[in-house]
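What follows is a single chain, given as structure tokens, in the form predicted alone.
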């Protein structure tokens, strides 16, 4: 599948790992290989561009800067710079985040000024750079598919924040593009790179709770947002609101529509189900060994929605049930703790929540795994795992197909809650058999001129 828009898509380019103009701007270029690259040769370095400089960049930029064989050369965002993100004191956008990257390299080099990281307002300009090897997609969900497909066509490897998609059908396009163009793709479900999560999943997979009967995944509640009568606001200087909307429907600007709180509006995200739920349910999928499949039925269990007229329209309180073909029941609900999963079996239960592992019997969590038992792939740093995969050309710990299955589970839960009833799902054909209403919700139209086509 290919993305087309009013501008010509960036042409595919060969991956290059040579020092170019970005590093030529350093005050002392001769110091670059040993200081910036930490002893790594230029041919071993990965040039990275960030597509998105909002709330999540506060985590992902420092994580990539700390990798000695990575050079961040581009920061892109439709926002030049402003407050209004998750916390009032956070000042983010392309200029402040780019300045952060340059300041990091200047300090590392021991020079007063470094200008090797450039700021961009349009992501297509980053994709057009021949020296960018990989991109970090850190945008609202409604941009993930288009940016992924265009990045794959441009020959870039891709780290894409969770949830991987806005709709189920977008996942098919992303898988096709990544595999057709031979790209490495990592879904930003970083709990696959946490040792405690891996251990819980290994204990479940090796039968320590006996036969799993029921799983509960936890998500937090969501705000209701500005209420009836909310007024559109003027777009602040330096913010390209039309490009922020991109393929999403035309809508009046409000600060709470954009920046951090986009996730509570269905045009751009799926609320806490696809936010924290993308992590909690990913742990469930890994522990059950269902990365290549999913439940066969979803049912609303009494989700609570914001009152009519509010700006936000995702579930305030999540509650849906899913059933796997083997009879295991998954309950996803707003709960305290607000993140994690509990696995209940015939021999006890095991729970992971906010880095804490608990169990009944208590000895279960301390069970020793033998060398001949199942051991899951090891990654202790999600970003390191991605960069290593870029170099080896092997799949990272959460490749595109796996991210798609977890996100599909979340989307189907939302669809069942929106419809207020049961929704059948065939994970083999990835369709809703005999349910045209639910089937129609697997995709959404794009606002012109953006489109995802075959």
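Remember, predicted model here, so these are calculated numbers, not experimental data. Positions refer to the first chain, counted from 1.
There is another form of the same protein, the form predicted in complex with a small molecule; it is not shown, and what comes next is about it.
- The closest heavy atom approach of residue 385 to the small molecule in the model of the complex falls outside 4.5 Å.
- Of the heavy atoms in residue 331, none are within 4.5 Å of the small molecule in the model of the complex.
- Put simply, residue 138 is close to the small molecule in the model of the complex: some heavy atom of it is within 4.5 Å.
- None of the heavy atoms of residue 128 is located within 4.5 Å of the small molecule in the model of the complex.
- Using a 4.5 Å cut-off to the small molecule in the model of the complex, not one of 157, 180 and 392 places a heavy atom inside that distance.
- Residues within 4.5 angstroms of the small molecule in the model of the complex, judged by any non-hydrogen atom, belong to 71 to 79 and to none of the other stretches in 285 to 293, 356 to 364, 313 to 321, 71 to 79.
- The partner is absent here, but in the model of the complex a heavy atom of 262, alone among 104, 262, 253, 230, sits within 4.5 Å of the small molecule.
- Of the residues 343, 218, 114, 143, just one reaches the small molecule in the model of the complex with a heavy atom at 4.5 Å or closer; this is 143.
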